[in-house]
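Form predicted alone, single chain, as structure tokens, below.
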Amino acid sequence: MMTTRKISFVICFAAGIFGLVQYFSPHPAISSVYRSLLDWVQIIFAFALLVGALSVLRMHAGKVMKRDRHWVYSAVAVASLIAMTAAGFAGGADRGSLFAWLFDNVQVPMQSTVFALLAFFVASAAYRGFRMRNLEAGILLVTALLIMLARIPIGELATDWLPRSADWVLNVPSMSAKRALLIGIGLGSVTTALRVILGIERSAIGG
């Protein structure tokens, strides 16, 4: 008898091998099957969204019932989740609906406020990172000042070599470092995918 974990491993192995084959094979039959399977992705996404919403609702509702620390914020989260869900089912999400009005006048301003607060953390991190403690930090500071001056109008009006120098920094040393990072990320992704397909990494299926 195959256990649930073995069935999950077989499905993961078959899906991984099929995805690998269709990526390297131009056969129209394989491409057609792959496009038809993409329709199932929407169904999986819908169920994953439902599970995530129920998980969030369960976690915050538990905090509200136990009067845990900062339970008021959990109550606001639960009320907002229920209100947006009800508005979406009642009037849809088209322009002019209650859902769209709540999204444009409540969600978007709060999101903009959170991103605006991140500017202070970025400024603090930049201050700590650009302090010239050694040679490497000095090179980073000079390079950052060069890029910032080249990207503002006063830097372009001051001299012609400033924008050209900034372009060289972005296209040569910065691009080489970026490509090295992308190569490392690609190799790590391939290694992780092979470990999952071959069953070496089983944390995704409860191993």
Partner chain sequence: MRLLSLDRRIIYILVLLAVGVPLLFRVPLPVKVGVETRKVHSAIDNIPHGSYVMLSFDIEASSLPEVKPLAEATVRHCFQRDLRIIGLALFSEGAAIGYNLLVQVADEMGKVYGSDYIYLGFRPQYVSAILGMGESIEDVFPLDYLNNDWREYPGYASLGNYDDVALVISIADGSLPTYWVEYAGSRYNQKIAACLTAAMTTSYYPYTVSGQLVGMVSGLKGAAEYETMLGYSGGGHRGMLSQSSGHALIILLVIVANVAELRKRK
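In this text, rigid core is short for the largest set of C-alphas that superpose within 1.5 Å between two forms. Note that the coordinates shown come from a computational prediction; the quantities given were computed from them, not determined experimentally. Positions refer to the first chain, counted from 1.
Separately, the form predicted in complex with its partner chain exists; it is not shown, and the next lines address it.
Checking L170, V33, M59, A53 for any heavy atom within 4.5 Å of its partner chain in the predicted bound form turns up a single hit: L170. Site annotation in the predicted bound form: the residue of A75, A90, I82, M132 reaching within 4.5 Å of its partner chain with a heavy atom is M132. Contact annotation for the candidate site: V108, Q111 and I154 all lie close to its partner chain in the predicted bound form (heavy atom within 4.5 Å). Its partner chain in the predicted bound form is not approached by E136, whose heavy atoms all lie more than 4.5 angstroms from it.
The closest non-hydrogen atom of L38 lies within 4.5 Å of its partner chain in the predicted bound form. When its partner chain is considered in the predicted bound form, L181 lies well away from it, no heavy atom lying within 4.5 Å.
Contact check for A123: a heavy atom falls within 4.5 Å of its partner chain in the predicted bound form. Shown without its partner, the chain has L49 as the single residue in segment 49 to 86 with a non-hydrogen atom within 4.5 angstroms of its partner chain in the predicted bound form. Relative to the superposed core, S32 undergoes a Cα shift of 2 Å or more between this form and the one not shown.
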